[in-house]
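Just the one chain here, the form predicted alone, laid out as structure tokens.
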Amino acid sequence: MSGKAPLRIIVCLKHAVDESELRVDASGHPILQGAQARMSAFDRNAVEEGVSIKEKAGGTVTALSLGTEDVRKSIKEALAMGCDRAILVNSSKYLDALATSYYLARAVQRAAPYDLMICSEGASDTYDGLVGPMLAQWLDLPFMGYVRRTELRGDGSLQCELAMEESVEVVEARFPSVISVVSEINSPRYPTLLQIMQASKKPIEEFPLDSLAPGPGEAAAPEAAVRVLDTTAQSMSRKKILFEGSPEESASKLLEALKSEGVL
């Protein structure tokens, strides 16, 4: 494709439990009853990057998600942020990362053509970080992960800075390709009231999970092989040490306490 051609972008998002509002019981297990759900915090960065690229190069952004009807809440937020349309793969079936990426890939193939797929570094609830690279594998596309900056090149490719643990790598790939972005890549926008109202008029296409099942002669869809058996919050206790005196004296006492604990 030409580097100046309008881009067809797909952004994956997840409707996840808002972990910032979770409480735990006496045994350390999260209390999920009545817990609020929203778009995964990291996925808002993915949506923002897709919309920002569209604003620079032109084109369209499609939000893609898998789940029950509750997911529409997050989809509508993505539409209000600037996505043009959305696809919901409707399923109440438990799917692990491998199965999820498979059905998302099937949905992408049905929604083709496309140029760029954007995922976040990981969902804010499970943070597996697997769907992006698995999606690229199912679609047989190049993958660039932990992207902290993107730049469209004139030759129809995308150059990315990858935030590695001890270094930064600069790589590029031609379209179509798949990337996963880190939270430092941008600051997600907050939709205005007008944008929220306009989002209700944007199309949401629904794909039942069964409609994406493999046909005759195709390999069987993967079954969920990984299940979460238990989730326990890490216990934390405070020392509740108070430092008295002037600000200078308190700061000195704090510094000594941190040194004695091996923090500094």
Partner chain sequence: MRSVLAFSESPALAAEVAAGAATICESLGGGFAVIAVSSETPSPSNFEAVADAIVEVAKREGAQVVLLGATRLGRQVAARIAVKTSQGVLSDVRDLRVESSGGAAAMLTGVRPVFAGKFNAKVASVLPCVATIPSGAYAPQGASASSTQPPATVEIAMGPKAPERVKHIETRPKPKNTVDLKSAEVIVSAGRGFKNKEDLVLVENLAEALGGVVGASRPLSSDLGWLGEERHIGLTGIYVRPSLYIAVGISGQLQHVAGIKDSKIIVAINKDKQAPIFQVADYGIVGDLYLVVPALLKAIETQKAS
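Because the structure is a prediction, the values reported are computed rather than measured. Positions refer to the first chain, counted from 1.
In what follows, reference is made to the form predicted in complex with the partner chain, a form of this protein that is not presented.
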Considering the partner chain in the predicted bound form, find the one stretch among 104-112, 84-92, 158-166, 71-79 with heavy atoms no farther than 4.5 Å from it. 158-166
Students should find that, of A233, M197, A57, A213, the residue having a non-hydrogen atom no more than 4.5 angstroms from the partner chain in the predicted bound form is A233
So, in the predicted bound form, is A5 in contact with the partner chain at a 4.5 angstroms heavy atom limit? no
With heavy atoms only and a cut-off of 4.5 Å, decide whether M144 touches the partner chain in the predicted bound form. yes
Give a yes/no on whether P191 approaches the partner chain to within 4.5 Å in the predicted bound form, heavy atoms considered. no
So, P208 and the partner chain: in the predicted bound form, are they within 4.5 Å at any heavy atom pair? no
Stretch 179-200 - residues with a heavy atom within 4.5 Å of the partner chain in the predicted bound form: V182, S183, E184
